[in-house]
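Heads up, the chain below is alone and in the form predicted alone; it's given as C-alpha cells.
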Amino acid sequence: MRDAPVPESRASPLPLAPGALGVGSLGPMLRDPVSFLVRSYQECGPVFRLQVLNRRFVVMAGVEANQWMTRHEREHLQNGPIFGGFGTELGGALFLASADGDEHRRLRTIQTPSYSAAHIEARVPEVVQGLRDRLGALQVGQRLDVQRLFQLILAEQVGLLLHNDGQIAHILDDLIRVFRTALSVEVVRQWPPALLLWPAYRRSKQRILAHASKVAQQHRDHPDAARGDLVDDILAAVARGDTIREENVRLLTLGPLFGGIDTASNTSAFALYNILARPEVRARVMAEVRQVFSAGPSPDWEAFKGMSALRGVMMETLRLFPVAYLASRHVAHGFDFAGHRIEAGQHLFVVTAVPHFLPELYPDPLRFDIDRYGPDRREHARPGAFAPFGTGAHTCLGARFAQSQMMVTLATLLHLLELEIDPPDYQLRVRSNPVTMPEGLAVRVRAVHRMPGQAEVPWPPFRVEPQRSLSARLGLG
C-alpha cells in the first residue's frame, strides 16, 4: 500500500533562522538568545529550523506552541534523552527533569507537598526572622554582588524548609560549579566533556554529594524531628518501594538547591534592580513594605500576599527575564504543527517566552509596566501568553514556592536595608550562562535597620562582594 501524498504545506521545507556561514546562529544565541528567537519567530513564523555550529534544531514558538505543549507534550515529547546525562553524571539518573510518562507523574506526586507554596507560606515568620539575623550583620558602606547575595540567602531558606538544615554556605560555591558545569556539558553541550574531569569540579561534586548523604542520614537517625520536608517524602517513598530507589536520594535531595541557584536568585536580582532603578516603582513598593511591617517585626503570609505592586514587579520581571525561556525536548512521536510535519528523532526547542514580547499581547512589550496584571488589564491571562516557568507536563514544580519565597525575601530585604545601585549610572547588562542572569549588578548598603536584641549571623566564606577573578567571570565560583 502506497503512502498517501503529503499536502504541499507539509512538504515545504521549514524556514531557517538567520545565521552566518559555518557557525549558523551561534553569535546571537550567545549574545541575546531570547531577542534573537523572538525576531526569528516574527520573520520565520511559528515553526522553523535553527543551526548552531554543526547542531540542528526544530523550533516552535508563539501562543499556539505553548498551548500545544500544555495539551500534547506527554504523548509526543521526552525529556530523558536531553537531561538524562545530567542525572547519570551525579549518580542518580531519576529526577524530575529527566523522567517521562508514568514515572514522571509519580515522581511529581511524591514531591508536590514539599514544593508547594503552602510549605513556605506556613513558615513565613521563621523565614523573616532568618533574614533579620542574616542581613542584620551587613555593614553600612558594604558593596554587594546582588546575584551572589540572593544565591546565599535563598539557598539557606531552601535548606531550612526542604532539608531541615540551613547550613548551605560552605558548599554553595561547589553547588554553583557543579550545576553550571554539568548542565553546560551534559544538557546544553556547549562545553567539552573533558571539563567533568577538572579536579576542582570533581572535588566540588564529591563535597555536595557528601552533604546530601549527611542530610539524608540525619533524617534517618532522627525520625522524631520530621517536619514533613522534601527529604522525609523522598525517604518515605524509598521505604515503601514507590518509584524512588536509594541511589536516587542524593540527587533528589540536591534538586531544589540546583533549581534555585540560577533561577530564583536571578529573578530576585532582576526584580531588585527594577525596584531600585525606577523611582515610581520603588515608591509604590516601599509604601506596601511599610504597611506590611507596621504591625510587627515578623508578619505572616496573609500580610505579604496583598502586596499588589510587588506582585506586579515580580510578574513583570518574570515576563522580561523568564526563568526558562525555552523547553528542550526529544521528539518521540512525530506530529503536525502549523502546517509542517515534525518527525520523530528531532531535537525540538519550544520557545515558551516568545509570547512575552509580542505587542498584540503586551502593548509596548519592552516597557517595564507593573500594572499589566491587575484586574482591569490582565494581559497575561490568555492561555499560552505567560509561561515564565515553562509549560506542559514539565512545568517547574516549585514555581509557586519560588514566587512566594521571592516576595517575602524582597519585601523583608527592602524593610531591613536601604540600598542604592553602585555605581549609580550602572546600565543593566544581561548574559546567558546558560540561563539569563544579570552581569555586574552591585548595590551599596546605605543603612541597616536592626531590631533591639537581634541576633546577627556572621557572613560565611561564601563571599557576597563583587569578584573580578577569571573563575568568577566564567561563573565557576
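Quick caveat, the model's predicted, so the values are computed rather than measured. Sequential numbering from 1, following the sequence displayed.
Although not depicted, the form predicted together with a small molecule is the subject of the following passage.
At the 4.5 Å threshold, heavy atoms of Phe357 stay clear of the small molecule in the predicted bound form, well away from it. Heavy atoms of Thr243 never reach within 4.5 Å of the small molecule in the predicted bound form, leaving it off the interface.
Heavy atoms of Arg108 reach within 4.5 Å of the small molecule in the predicted bound form, making it an interface residue.
Using a 4.5 Å cutoff between non-hydrogen atoms, Gln129 does not count as a contact of the small molecule in the predicted bound form.
The candidate stretches are 367 to 375, 93 to 101, 119 to 127, 243 to 251, and the one lying within 4.5 Å of the small molecule in the predicted bound form by heavy atoms is 93 to 101.
Of the candidates Tyr362, Phe304, Phe270, Tyr115, Tyr115 is the one whose heavy atoms come within 4.5 Å of the small molecule in the predicted bound form; the others do not.
Note on contacts: among Gln151, Gln405, Thr181, Ser204, the single residue with a heavy atom within 4.5 Å of the small molecule in the predicted bound form is Gln405.
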